[in-house]
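Next up: a single chain in structure tokens, the form predicted alone.
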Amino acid sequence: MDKSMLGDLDNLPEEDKVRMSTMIDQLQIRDSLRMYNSLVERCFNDCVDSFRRKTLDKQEETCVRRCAEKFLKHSMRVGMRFAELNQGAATQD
């Protein structure tokens, strides 16, 4: 976890800091898993049409790859934009 996230918690007892740090770590893991599951479900539903074989055919594989790339690029862009907005809000204070 990024320790700068705990900047406003400096006046808390050490036990509470550790508890907050653990909670934040758990939330980050949960959010990462949620994003991964969303990616898998969306790309699978959009790209896989039939279950003719155990493996994906070339068209399905290409579709899944493009879908995942778009999803990850979008997520990165949203994260960067959020960081920009967060930075702007912090400098206004």
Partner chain sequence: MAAKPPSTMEKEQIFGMAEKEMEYRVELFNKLTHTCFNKCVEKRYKESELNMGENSCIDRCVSKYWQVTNLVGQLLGSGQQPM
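In this text the structure is predicted, and so the values were computed from the model without any measurement. Throughout, rigid core stands for the largest set of C-alpha atoms superposing within 1.5 Å between the two forms. Residue numbers count along the first chain shown, from 1.
Separately, the form predicted together with the partner chain exists; it is not shown, and the next lines address it.
In the predicted complex, 46, 47, 48, 49, 50, 51, 52, 53, 54, 55, 56, 60, 61, 63, 64, 65, 66, 67, 68, 69, 70, 71, 72, 73, 74, 75, 77, 78, 79 are the residues of 46 to 80 with at least one heavy atom within 4.5 Å of the partner chain, listed from first to last.
Taking the rigid core as fixed, one finds a CA shift for residue 84 of 2 Å or more between this form and the one not shown. Taking the rigid core as fixed, one finds a CA shift for residue 54 of 2 Å or more between this form and the one not shown.
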